[in-house]
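Here's a solo chain for you in structure tokens, the form predicted on its own.
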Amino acid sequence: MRNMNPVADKAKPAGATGVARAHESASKHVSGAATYVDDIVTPHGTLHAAVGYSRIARGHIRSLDLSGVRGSEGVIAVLEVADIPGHTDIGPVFPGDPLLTSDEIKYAGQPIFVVAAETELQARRAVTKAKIDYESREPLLDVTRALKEQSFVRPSHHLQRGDEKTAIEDAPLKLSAEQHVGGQEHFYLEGQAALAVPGEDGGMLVYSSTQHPSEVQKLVAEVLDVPANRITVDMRRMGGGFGGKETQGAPWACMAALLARKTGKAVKLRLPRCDDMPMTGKRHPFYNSYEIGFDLQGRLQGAKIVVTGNCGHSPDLSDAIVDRAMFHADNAYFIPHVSVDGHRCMTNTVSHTAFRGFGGPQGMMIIERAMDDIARAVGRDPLDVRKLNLYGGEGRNLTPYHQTVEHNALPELIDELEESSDYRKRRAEITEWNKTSRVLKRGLALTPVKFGISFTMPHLNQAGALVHIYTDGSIQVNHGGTEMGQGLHTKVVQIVAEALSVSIDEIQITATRTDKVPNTSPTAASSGTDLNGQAARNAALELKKRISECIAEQKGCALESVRFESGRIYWGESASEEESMSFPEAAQFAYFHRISLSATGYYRTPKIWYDREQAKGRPFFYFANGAAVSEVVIDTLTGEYRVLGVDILHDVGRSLNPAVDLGQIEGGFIQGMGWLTTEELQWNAEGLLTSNSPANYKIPAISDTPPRFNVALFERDNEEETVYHSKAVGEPPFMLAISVWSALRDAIASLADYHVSPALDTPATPERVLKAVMETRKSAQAGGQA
């Protein structure tokens, strides 16, 4: 948003932004002093809650006997669905998420009742004494069967530009393929947790580990049947969220609040990992397909793409997630004629939910497979095919949803990375090495990322902030974003310090609270700093304006002459001590002249819109870009592999904090690598999650970090007027890990002299890699091409 404040940017920058600074809670994190929900000192007599949930995936409850639960040692209260005074469905956007059930069962892990006891151990023991008689039915678990039966949680959506059918038919070469993309467990270090403390007049203070305090406030108010102004939600920090606490934190807060109302005592509910994993949603698994036509050089002529999300039992956020998958099914490539269909399938699993990238990674996977497949078909290096198909200038810059790709940095960024990573030299060396290495094969891939920044639901693209200046010159900041370890609070402090030209040491940031900044959006969609940072800056600039006007009036000088520089305020033509005062003196000066030193700030993202009926619009304010080169080696006898090296060049605009940004890029890449290689969700035939603990679900360890891991920031300001021309950094780096998967396919393809493009679903476990090796050898021996 263009700043209209006449004194806003007159001052010399304080240098608070653009500097590598430590995370504002870093010392607390490493020393154990950081307070999470489970660390809060609880009121005397606090009760502890545990949840009783379904052990079948589909069916009905014939009978429910909780007498043993009620009689268990230490039990104070038991809550069933009939005990809820208000709403019983807490679906975040669309209905379909009952807080508790007494009849229909839609997934294994569905909550049935909640217990409050004097200790956590007593509560957990009590829930095991429930006697539940089920009428079980065969669960629907296969997404392809759900698609065939049109078992949907929401209607399908369609994007169209041009005539893809004719373009494919007329193209010299054609290909088609299918692809299964696995889901992912959030595996935040801090599990789901809530503490509800009852207050006066039906009020409730709720501490919740949530990315969306305002949604928790709304839903707690609805289940208690009280106005929202009776509920205050407080959230200082999370031990990780990744999207898993955008909607998934609300049920436990609602249950704790209901038990607190029923007992009159504070209630804490913290899910142990063994309950958290079966009961909370995951990244959506996807089933994708393409039909494409292209010329002899590998340039796309037309494409029909279908992305199908396995949504689980309810809508949750699946409508927007599949939309974003559709919006990213083109990734970085212009397709002259294209259609994209997006389906939202219902299956009998926990309802899948937001996860870093929010559907974008799953959508990108199908077009990146197509790039590799085209390259094998025309006998070119996959990088050359990718570069040939990149969005370009006039006539090649319109997305399938009719947004123009502006300020495209990818051609320059890819060229720079290609050179800095020695891609061509390494490609030649690897090709030669593979000719003589019988067992071990190496692979190399460079893949780009074009990721749209904004919530796809337009009303969420707004934020508020509250800034106080006290008479001693210290500053307190509150905003609607939540800190989950990503450094949001650190950047907001830097932004406010820059706006007021003061030291960051003078600024204290406080817990996100619904009674300070109301009606907040979730901290998601990589928009935390874009929205909340700009809102905080606007509040700070308003205070700067008030102080400037006060000094100009009282000192009899021109408003334009008032300057904020390095903790002092100057007026007049000179820079003398006589015509200046310290920031604390200025705060006192303004206070004595009855100037308010508290201001709210507000920001809403400009330019964005989307007409769903026409499937046209500008859903994204801008695009974040990046590219990664990954090198792998595989053992063709076992399917085992290692990532040997990674080179990343990523676009964050004008970096607000290079240290935080580099950390986000590195962490996002490794988490994405885990999604595509080792992290495998598994349900058995009865619909029970069997990958339900760290013992049988493998996230990347420090030993999985590539031995050579080079990360650099692409230095170019964001052309759009974001906060100090920065770009979002939370989600886009996650998709850089697609280069690892592509490199694995490249290594396997060497077994057929790069004439076969192997199918490799994800996660690409050693078993799947070995299967692809065997199939590729078979195809090579038959002389065919896949």
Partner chain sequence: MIRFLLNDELVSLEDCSPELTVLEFLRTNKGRTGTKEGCASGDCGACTVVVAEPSGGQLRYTSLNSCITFVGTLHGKQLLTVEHLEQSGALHPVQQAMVDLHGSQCGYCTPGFIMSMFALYKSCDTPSRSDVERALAGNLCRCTGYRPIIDSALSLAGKGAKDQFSDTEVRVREQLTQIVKDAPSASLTQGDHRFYIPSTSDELASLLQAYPRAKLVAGGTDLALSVTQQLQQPEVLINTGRVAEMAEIREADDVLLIGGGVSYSNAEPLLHKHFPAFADLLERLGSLQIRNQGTIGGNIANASPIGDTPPVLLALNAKIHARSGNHCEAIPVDRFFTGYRETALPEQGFIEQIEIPLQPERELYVFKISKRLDDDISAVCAAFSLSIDGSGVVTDARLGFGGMAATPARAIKAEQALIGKPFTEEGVEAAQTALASDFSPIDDVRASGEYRLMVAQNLLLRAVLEQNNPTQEPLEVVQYA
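Residue numbers count along the first chain shown, from 1. Computed from a predicted model, the values in this text were never measured in an experiment.
Although it is not shown, the form predicted in complex with the partner chain is what the next lines describe.
Heavy atoms of residue 264 never reach within 4.5 Å of the partner chain in the model of the complex, leaving it off the interface. When contacts are judged by a 4.5 Å heavy atom cut-off, residue 124 counts as touching the partner chain in the model of the complex.
Interface membership of residue 766, defined by any non-hydrogen atom within 4.5 Å of the partner chain in the model of the complex, is confirmed. At a distance threshold of 4.5 angstroms between non-hydrogen atoms, residue 334 is out of contact with the partner chain in the model of the complex. Comment: 673-681 is the region of 673-681, 159-167, 368-376, 646-654 lying near the partner chain in the model of the complex, near meaning a non-hydrogen atom within 4.5 Å. Think of it this way: in the model of the complex, the partner chain has a heavy atom of just one of 428, 296, 189, 558 within 4.5 Å, and the residue is 189. Shown without its partner, this chain lists 105, 350, 634, 255 as candidates; in the model of the complex, only 634 has a non-hydrogen atom within 4.5 angstroms of the partner chain.
Using a 4.5 angstroms heavy atom cutoff to the partner chain in the model of the complex, none of 89, 226 and 550 count as contacting. If you take 430-455 and check each residue for a heavy atom within 4.5 Å of the partner chain in the model of the complex, you get 433, 436, 437, 438, 439, 440, 442, in sequence order.
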